[in-house]
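First, one chain by itself in structure tokens, the form predicted on its own.
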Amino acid sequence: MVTFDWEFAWEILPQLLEAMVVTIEATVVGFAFAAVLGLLLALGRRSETWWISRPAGAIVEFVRSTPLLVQLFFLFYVLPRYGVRLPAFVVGVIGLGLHYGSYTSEVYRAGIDAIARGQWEAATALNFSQRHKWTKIILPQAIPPMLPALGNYLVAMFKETPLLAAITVVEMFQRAKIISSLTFRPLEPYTLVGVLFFVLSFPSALLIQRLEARFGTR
């Protein structure tokens, strides 16, 4: 029976913490991309111009209907055949951002649609420009109630970063896999990875609960 070796666990912990930095970087950059892309897609779907709204809607539905792993494989293994070669980390960030951008776009769209009709009419009656209406009136009211849902997607993205191992990004799971293959001891590295994910995810979940308590109801 294999027992947990604490000495070996402490020995490999620095390697996993180093890889954890890559995991966090991929999550933060990927979610920043997803947040911006999601807003653009939401605004695109609301456009009265069909050649903007229909492609935006098609992108959202297609991305949401296909697995993230397939999208990562396509970006990393197929695009180079057409001359598009990017570092694995960049591909991972783009894949995460594109995938979760399609989901955040629906959050933005729901939040914007929840703004009372009177707010839109008042902005129009006061002859505000489109930029002023969106930046000073609509988005400041729409975004706070969106924060819990956006936070949930951030945590979900963090927990899906192990998929980046499939495209050779050396994040926590890939580092644990490498350690396991070299030492033939999978118990310690994979256990530590699970603990590290929990240590980072659980406080984030508590923070999201506080956001839900504050902004969850309008």
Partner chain sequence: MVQDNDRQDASGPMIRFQKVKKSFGDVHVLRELDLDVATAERISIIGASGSGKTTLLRILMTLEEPNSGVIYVDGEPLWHKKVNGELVEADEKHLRKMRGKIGMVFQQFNLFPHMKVLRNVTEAPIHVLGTPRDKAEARAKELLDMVGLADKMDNYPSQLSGGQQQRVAIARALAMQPKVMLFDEITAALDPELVGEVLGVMRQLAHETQMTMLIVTHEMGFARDVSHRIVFLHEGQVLEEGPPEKIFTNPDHPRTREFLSRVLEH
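A quick note: this is a predicted structure, and the numbers were derived from the prediction, not measured. Residue numbers count along the first chain shown, from 1.
Absent from the display: the form predicted together with the partner chain. The rest refers to it.
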Go through Leu79, Ala110, Leu126, Val90 and name the one with a heavy atom inside 4.5 Å of the partner chain in the model of the complex.
Leu126
Going by heavy atoms within 4.5 Å, which of 80 to 88, 126 to 134, 98 to 106, 67 to 75 lines up against the partner chain in the model of the complex?
126 to 134
Is Ala114 close enough to the partner chain in the model of the complex to count, meaning some heavy atom within 4.5 Å?
no
Suppose contact means any heavy atom within 4.5 Å; which members of 105 to 122 contact the partner chain in the model of the complex?
Arg117, Gly118, Gln119, Glu121, Ala122
